[in-house]
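Form predicted on its own, single chain, as structure tokens, below.
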């Protein structure tokens, strides 16, 4: 017996192996939703009537690429569902493309909507639950020309679009995202001139931010109202997918770096969520903007928080607007996009969010640009491990969506970044599951 004990001690201390850790490896709860995520513009292609299509034609995309057919999901959607079935996911998060559903103001396209009706029906046949996003960065081009989210009419137009979608597939959808990463979207479009509508004056962000908060609140209430009219009364869950990031002062002893990191984190991580939780919208950036608006109708309009988490950034203070620079300046281990891999950040984000908002959490995006697929398995493992450790603490985490099922059109970066569990040959559109696909499959199968 003493030799057995000695062997156990040797393995534990010398090799760092813990038998108790292996025997007590945390399991995810029964009913935990395993998911993959995509967005319409990035995989469907031919989104002719959107603001992003117009933006691409102006040459703003890396290597002068345009989304074109993207992954040709419009033709190959059944093959993609078969891949999800093989993977074993229980949930699929996707977006319904507003520009295709309403290509002209007030004219709703039934044929375009039937694509999503058929998609949802096929998901149901394969025991995969649909998780619908209504606004994932793109807008109908007619709305862009009318002023986009800066136009108050956008609130009503978004509500009409949401109602149209619900009447076609709503009885089969229990999880809804009204808008994806609203602060990242608005800061990119109105403060940093990186995406449509390409403005770089912070003063312009106020109106679209207020209107998007109000639009979310209106659609939240609409979706709940529509569900309450149904006989089944199955609970519906409505929220946003918020972009969370860990910001760290590049020079730890530099107070200006610390201040810049603090306000970047507050603006990106909390401004929109505070507004739909408390009814108080606050966006403050020293010397740039001081926005404070009371929006009582938005209070309490989130049933869960969607957490999109990818990376940690270092922040430097600079002497010209926007007075900060963000990046991986210390060359930490990173993705192909030089996004620092920092799994501990997911734990910090989830724990703070649960405490601050006291509603359940769904990890709606988490993934890595990794063309070689050499880092993705460990990325998945490290992030799920910190998540499972939080679960062991009986926190309310509903599920995990990996971004993404497929390689896709990665916005301004074009087709170069590869986020997919499934590799896409953009000449033939052949789908080829990567090793990480099978690794994620094994985690889903074991639920740990």
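Numbering follows the first chain given and starts at 1. Not measured: the values here are computed from a predicted model.
Keep in mind that the form predicted in complex with a small molecule is missing from the display, and what follows is about it.
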item	value
Touches the small molecule in the predicted bound form: residue 339 (any heavy atom, 4.5 Å)	yes
Residue 97 within 4.5 Å of the small molecule in the predicted bound form, heavy atoms	no
Contact of residue 178 with the small molecule in the predicted bound form (heavy atom, 4.5 Å)	no
4.5 Å heavy atom contact, residue 403 to the small molecule in the predicted bound form	yes
Segment that reaches the small molecule in the predicted bound form - one of 57 to 65, 406 to 414, 375 to 383, 28 to 36, heavy atoms within 4.5 Å	406 to 414
Whether 131, 303 and 354 all lie within 4.5 angstroms of the small molecule in the predicted bound form by heavy atom	no
Interface residue in the predicted bound form among 316, 136, 227, 248, criterion: non-hydrogen atom within 4.5 angstroms of the small molecule	136
The small molecule: the contacting residue among 191, 238, 143, 184 in the predicted bound form [heavy atom, 4.5 Å]	184
